[in-house]
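Shown here is one chain on its own, the form predicted on its own, set out as structure tokens.
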């Protein structure tokens, strides 16, 4: 069960944690409703990094060695995405070298953001205990609730003089989160679109039409907090060493699935768009990871120049949902 304390100012927690951790604050204004345009995934799954170096005789692994750091004030959608990536990269030593050094301080959202729909995909707006070490919740009367969700979080605030709060405050938090959920706009197009994708009811012609609008810019996959596609390349150094580098890739690139034989199972843009949305909302992926691969942050809608972000796509395919989802 979570322990709950009264925190007068964020600055006091910030200063206390800074004695041990480097502080990273994704939100310029902790407490704003909209998530930052860039998700925190790059702090664990680096945009590009060396995997090893070969000097002609020996291979040298190049694991990162980051100092302990705090992601301070991360919203529920991004924290849910980190938990998703934790599963995907569970055996990846490069990801885990960073992840194990991180303390996650989440913050509840109490108002909906413009493009977000976290409540529709069970990713918010309240931070779940299993997704953060500490959770912050703004109190209407001033100050903050500080909830401790892990041993790591408890150790991080050791030495702070804090007054413990009772279950009454936790129930009040639940009511405010419920009020936030109720304030989200109608999401029926999302549920109908998900049903159409999961049951394979969207016709090829519709995917091809959406593919025409895809510019292959990778804006959606770059900003999406759960996208994890990557490629590798070998680079020669001036002194003769060769380094293997991993870098972010995108399933929406024409060459992503091209084989050495030049056969390309996703040569058509429509097939690439279908693959992307099936990964986000397909039942098989939900069974593997315990949830859909979309956390409702709305970044794709915000950034897509082709107007095929999540809301735009779901509204166009919603009519293909089975009758029992009408």
Partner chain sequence: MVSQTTTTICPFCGVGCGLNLHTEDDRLISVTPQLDHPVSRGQLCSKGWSSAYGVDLRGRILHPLIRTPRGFRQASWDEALTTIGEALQQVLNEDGPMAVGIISSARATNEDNYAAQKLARAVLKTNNIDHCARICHSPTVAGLKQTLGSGAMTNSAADIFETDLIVVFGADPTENHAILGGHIMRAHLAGTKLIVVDPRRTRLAKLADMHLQLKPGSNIALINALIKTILDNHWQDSEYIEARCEGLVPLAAAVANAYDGVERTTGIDLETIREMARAYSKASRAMIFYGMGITQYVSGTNNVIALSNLALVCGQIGRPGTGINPLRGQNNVQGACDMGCLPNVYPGYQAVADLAARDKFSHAWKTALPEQPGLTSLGMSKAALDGSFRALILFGEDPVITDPDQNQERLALSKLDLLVVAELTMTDTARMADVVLPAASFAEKSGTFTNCERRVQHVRQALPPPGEARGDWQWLAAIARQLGSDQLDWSDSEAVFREMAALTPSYSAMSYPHIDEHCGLQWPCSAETPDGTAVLHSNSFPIGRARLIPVHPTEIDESADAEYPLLLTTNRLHFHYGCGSMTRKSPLLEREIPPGLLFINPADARDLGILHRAPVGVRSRRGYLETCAMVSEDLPPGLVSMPYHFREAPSNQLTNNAQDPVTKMPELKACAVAVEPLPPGRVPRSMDQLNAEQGGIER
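Since this is a predicted model, take the numbers as computed values, not measurements. Residue numbers count along the first chain shown, from 1.
One more form of this protein exists, namely the form predicted in complex with its partner chain; it is left out here, but the text below deals with it.
- Comment: its partner chain is not present in this chain, but in the predicted bound form one of 164, 100, 255, 188 has a heavy atom within 4.5 Å of it, namely 255.
- Proximity to its partner chain in the predicted bound form, defined as a heavy atom within 4.5 Å, singles out one entry of 96, 222, 111, 228, which is 222.
- In the predicted bound form, its partner chain sits beyond 4.5 Å of every heavy atom of residue 175.
- Residue 12 falls outside the set of residues with a heavy atom inside 4.5 Å of its partner chain in the predicted bound form.
- Of the heavy atoms in residue 201, none are within 4.5 Å of its partner chain in the predicted bound form.
- Its partner chain in the predicted bound form is not approached by residue 61, whose heavy atoms all lie more than 4.5 angstroms from it.
- Taken together, 26, 88 and 90 are entirely out of contact with its partner chain in the predicted bound form: none brings a heavy atom within 4.5 Å.
- From the list 119-127, 136-144, 236-244, 175-183, the contact stretch for its partner chain in the predicted bound form under a 4.5 Å heavy atom rule is 236-244.
- In sequence order, 209, 211, 212, 213, 214, 215, 216, 217, 218, 219, 222, 223 are the residues of 193-226 having a heavy atom within 4.5 Å of its partner chain in the predicted bound form; the partner itself is omitted from this view.
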